[in-house]
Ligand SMILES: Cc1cc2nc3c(=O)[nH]c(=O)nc-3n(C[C@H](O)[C@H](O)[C@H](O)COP(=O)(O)OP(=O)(O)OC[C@H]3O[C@@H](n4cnc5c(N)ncnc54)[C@H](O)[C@@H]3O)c2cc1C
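Single chain ahead, by itself, as structure tokens, in the form predicted alone.
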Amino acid sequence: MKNNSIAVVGGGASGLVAAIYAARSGGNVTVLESGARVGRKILATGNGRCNMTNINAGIQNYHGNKPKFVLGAVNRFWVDETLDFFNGLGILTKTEEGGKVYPYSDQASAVLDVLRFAAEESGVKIVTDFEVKSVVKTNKSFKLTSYDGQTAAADKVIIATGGKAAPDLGSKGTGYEILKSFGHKITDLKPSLVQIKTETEVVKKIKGIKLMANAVLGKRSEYGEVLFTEYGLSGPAVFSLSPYICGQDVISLDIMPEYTNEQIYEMIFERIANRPKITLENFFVGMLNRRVGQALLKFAGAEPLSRYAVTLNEKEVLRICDTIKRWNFKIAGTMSWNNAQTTRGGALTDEFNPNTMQSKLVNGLYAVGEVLDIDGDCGGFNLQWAWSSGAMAGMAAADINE
């Protein structure tokens, strides 16, 4: 590699965009990808649909020691620039509830394909099965060595390895070790946007059922889809709360957030009056999912379910109302890195330029995406950070004056 050669370590979302912008800006770019193909994690995003970005994205959607680090991207390459970029590659998009943007085709593979096409058309060289073990600066250039002894050299290096989430898709945390070798500090790392494990007595009986609910964890709440699983709770609302479980014992669900306790109380007594001889087993049919209703009644102590509705007393109805509005599940932790969508924590952003992603400690070294101490909410925000940080680093690295 020569003539302002740039090595991009990692061929994920941020790495591919960094490579494309660096090449378009005149850089001689090589992507070093640890796996057999690039972009594997892109294919898994949005349940295979690829939630590309969110039109409502702002600093309020990002977390880390210094969330304001994101402002460099907001002011230079944000949602509009991202959509223009992908439109230029041939991706027609659509915007759904909550501002989530998807390819119109609903295919994450299409997003990866156009990125690969753009990289090839821009002259980017992609080397697969090159898992970088070390990066060493020698005079004005860098030497990169893989675990199996392959070597490469470059004038500048962009670390785009991702974090530790979903290691089976290539995110093994190697970028942190590389950055540490140059003196960069790494914050505590935790799985983020991940399922929450709870006591399983209730959830096992209703696993596979989805509903819209207001999930509450401490002083935080999130409205959205919740999925009951064999091990606990999943779904976007739960993912968004998962980074905050430290110190919390219980996660609560309001499964009828549109209604007050008083309205539900009246509704239940009206159902009793209208159908006094219906058994509790079928009492909530037409109001709640049947199995959810049965599990909720058992949780509230309204057993046996073979009883007639007319036998419910006021104390039982009040407990049922309270459970509908605040169904408590004791927390047992989160699922592992294998299930996480992203990483909370990373390389300390104080040590990087927010406008170029270049290290303040080592000239010519850049870091982008999940490897930095920036993570976003569920809903397209993490991919937006990947696109933005990658584009800015690519353009900056290609600038021979940087």
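Keep in mind that this is a model prediction, so the values were computed, not measured. Numbers for residues come from their place in the sequence shown, where the first is 1.
This next part talks about the form predicted in complex with the named molecule, which is not shown.
The candidate stretches are 292 to 300, 69 to 77, 207 to 215, 167 to 175, and the one lying within 4.5 Å of the named molecule in the predicted bound form by heavy atoms is 167 to 175. Site annotation in the predicted bound form: the residue of 30, 358, 45, 61 reaching within 4.5 Å of the named molecule with a heavy atom is 45. Taking a 4.5 Å heavy atom cutoff to the named molecule in the predicted bound form, the contact residue among 132, 126, 237, 233 is 132. None of the heavy atoms of residue 388 is located within 4.5 Å of the named molecule in the predicted bound form.
When the named molecule is considered in the predicted bound form, residue 11 lines it closely, a heavy atom lying within 4.5 Å.
When the named molecule is considered in the predicted bound form, residue 381 lines it closely, a heavy atom lying within 4.5 Å.
Taking the partner from the other structure, the named molecule in the predicted bound form has a heavy atom within 4.5 Å of a heavy atom of residue 341.
Shown here without the named molecule, the chain has 160, 161, 162, 166, 169 in 148 to 169 lying with a heavy atom within 4.5 Å of that partner in the predicted bound form.
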